[in-house]
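Shown below, as structure tokens, is a lone chain in the form predicted on its own; questions about how it binds or moves come after it.
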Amino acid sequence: MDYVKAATDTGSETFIPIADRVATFDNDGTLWSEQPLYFQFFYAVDQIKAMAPKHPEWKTTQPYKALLENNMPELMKQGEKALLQIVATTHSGMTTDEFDTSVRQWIDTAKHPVKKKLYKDLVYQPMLELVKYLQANNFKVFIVSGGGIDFMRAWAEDVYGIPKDQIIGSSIKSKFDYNNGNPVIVKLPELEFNDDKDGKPVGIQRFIGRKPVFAAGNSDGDLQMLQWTASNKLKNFELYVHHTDSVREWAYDRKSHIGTLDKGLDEAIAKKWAIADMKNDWKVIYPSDK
């Protein structure tokens, strides 16, 4: 609140013009939970199971065999290549409208295997309040996430109140098809842009064109975005969400397989960035906890 007051006081040397009030938020682990796997991968898992009857060969073909048998240790052994193959299978070969409809149906019905709540209900109440507070003070809020851009745009505008044209994420290639007078854009099974780590500042420059004055993340994957924001000559603010609550959410940081916070935590402490201690700083985690 002190930062926002300083940034919006027209009589202050730290006043920031409205056009430069750009705030960027990571999504997974920053705006909603991400354990034990990124929620977008749970979507891919559900899609593979739904598609399986039309692909009997998957029963004996990896990585589909491991997934269909719920053999996650075997799936993880096959590494990133296997995970990307599953994502490619479930995120391509359809139009953008078809994919949007599929994600919307899933986000409205699918429940988390541990929390037994809809995934869209596992958003952080304090972060929702922070986003609205910044927006009320004329900050333009963007999501800058390693998650899929089309996946997030299908639901994030309704859940966070962040317009879909202010959502930046990883993307696969696509092509335009005139389709006999009924134009469509078709998603292709090939990665185009990975909006993670040093890709985040690149994505910010490509899609926003302004250096943020406010950035929030939760992992080492967000470190470069926070470093880029901290280099702004205008008054800036960097925030890390630290997952410390093993009862209401999950407790993890340096050694986690998801959302690792190691170098970022050291840098945040050294540079005195804000660190939100989830266990001690947040009265509630999810909206349903109120």
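Don't overthink the numbering: it's just position in the shown sequence, from 1. Not measured: the values here are computed from a predicted model.
Missing here is the form predicted together with a further copy of the same chain; even so, the following discussion is about that form.
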Exercise. Can we say Q166, K175 and R210 each have a non-hydrogen atom within 4.5 Å of a further copy of the same chain in the predicted complex?
Worked result: yes
Exercise. Among 70-78, 142-150, 106-114, 122-130, which stretch sits within 4.5 Å of a further copy of the same chain in the predicted complex, heavy atoms only?
Worked result: 142-150
Exercise. With the partner left out of view, is E98 within 4.5 angstroms of a further copy of the same chain in the predicted complex by any non-hydrogen atom?
Worked result: no
Exercise. Applying a 4.5 Å heavy atom distance criterion, does T89 contact a further copy of the same chain in the predicted complex?
Worked result: no
Exercise. Using 4.5 Å between non-hydrogen atoms, is W32 touching a further copy of the same chain in the predicted complex?
Worked result: no
Exercise. Closest heavy atom of Y38 to a further copy of the same chain in the predicted complex, within 4.5 Å or not?
Worked result: no
Seminar exercise, completed: Contacts from 250-269 to a further copy of the same chain in the predicted complex (any heavy atom within 4.5 Å), listed N to C, are E267
